[in-house]
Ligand code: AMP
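Single chain ahead, by itself, as structure tokens, in the form predicted alone.
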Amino acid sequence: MLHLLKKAKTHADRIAIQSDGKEFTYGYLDKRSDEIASFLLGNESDLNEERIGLLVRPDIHYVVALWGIWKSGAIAVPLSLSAKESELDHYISDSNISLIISSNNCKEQKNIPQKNSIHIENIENINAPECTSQPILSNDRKAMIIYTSGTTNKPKGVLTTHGNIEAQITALVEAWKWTKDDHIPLILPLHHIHGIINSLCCPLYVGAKVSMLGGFNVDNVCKEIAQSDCTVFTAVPTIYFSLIEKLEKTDETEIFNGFKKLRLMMSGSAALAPEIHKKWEALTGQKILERYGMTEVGMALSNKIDGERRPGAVGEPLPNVEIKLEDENGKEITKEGEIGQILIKGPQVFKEYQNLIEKTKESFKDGWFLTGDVAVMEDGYYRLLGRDSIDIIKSGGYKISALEIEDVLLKNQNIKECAVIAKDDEKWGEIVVAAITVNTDSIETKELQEWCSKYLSDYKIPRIIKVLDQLPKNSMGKVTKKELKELFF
């Protein structure tokens, strides 16, 4: 991570950030973050891994605050703008945060609990009369705590070092061929690895430009793509759903041309159904590059930028990443076509879970991180089948991937989005349950039931189909199947 901060000096005159109609150079990022670091340090020479919360909207203030925290020797804890008071209470108490950097325009401050014991400093008020010397940081120094989405359990604080973060960045810079001539619109939340590392740190590492557009708005994204010189785009599946819906209804050639000229389009944070790959390529001519990662390891697998981009697959290991599959008995799988849990080893793997010593120990086996995700190797590429705890349905002695069923459902033109989960059943063990949103009011649930019966007969057809106005999602737009189960059962 130290190289990210040092490299800013070599790109001092280049535009780094576009935010709220203004442009900011790398020199500005360097100078302003120095001021913030000096303010935080005060009379200290090193904050020695003090935990500082970051509750800032996705704009220029976020970047300089993050860099300032790192330069001071503290640990940055990015907080979700959409978090409820109870969630913020968990993050703050679990990380032992005593100071939160926020901003005047951050209305979400009202959700911060126990204000009397937590000091909130708005970044606009942070000034330092002179910049003081900064601590020398080694790669093994702790740098950041990001909280998991808590898909199946309470959110865990994933603690990474500067070395972990730098390994995550450099692997992607090499694999995806980032250069200083790139330009990316940033539309993802900045309390998740996808937004922080992929969309922000990678381009800033090479001297590229980032347009911070705030939260995702389909019209704003299309306008930016149509009018700017963007070269790279990365998003989550639900954003592609919205973009497809927009493009199918528009005849503005500038938008289509904008997407067609991009050198790289990626998707991650959740599986992108092959049907969506096909629709996007038909509309824009672009083949989406899908990859696989998680908070604990950054990115681990990716389709090739100069090779096959196979719909439904997450590709090969990224540089300096080791991957293997193990069966239920902990035996390594050496043959293609056999399903197993993904294990990962490499310099990008996180250090530990905050305050969870036993959970950290349980998550590693002989130096390999146990991801809890299930995949299969097919023709040299890994294909993700889902999270073992929620996406793998055990029915009638078979293991069924919810992701595969979702792709089949999306073949029906009346289905806009869907999510598949399991329901306990005395006969089958578990049966398949589907929640869907539809494109039209004219389709009857019974009609969809019959269609599903025909196309999903191999999967002990869904016994429940629930039509929802919308699927429950987290701040990344990822369907929260835990909440979905609560809706059903």
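For every residue, the number given is its place in the sequence shown, counted from 1. Every value quoted in this text rests on a predicted model; they were computed, and no experiment measured them.
Beyond the structure shown, there is the form predicted together with this ligand, which is absent from this document and is the topic of what follows.
This chain lacks the partner; the member of K324, K394, K223, K304 within 4.5 angstroms of this ligand in the model of the complex by a non-hydrogen atom is K394. Residue A271 is the only one of A167, L409, V77, A271 with a heavy atom lying within 4.5 Å of this ligand in the model of the complex. Proximity of L172, K345 and Q354 to this ligand in the model of the complex is absent: no residue of the three has a non-hydrogen atom within 4.5 angstroms.
The partner is not drawn, yet in the model of the complex one stretch among 360 to 368, 326 to 334, 284 to 292, 86 to 94 has residues with heavy atoms inside 4.5 Å of this ligand: 284 to 292. By the criterion of a heavy atom within 4.5 Å, K142 is excluded from the residues contacting this ligand in the model of the complex. Interface membership of R387, defined by any non-hydrogen atom within 4.5 Å of this ligand in the model of the complex, is confirmed. In the model of the complex, D182 stays away from this ligand, with no heavy atom inside 4.5 Å. Interface membership of K261, defined by any non-hydrogen atom within 4.5 Å of this ligand in the model of the complex, is ruled out.
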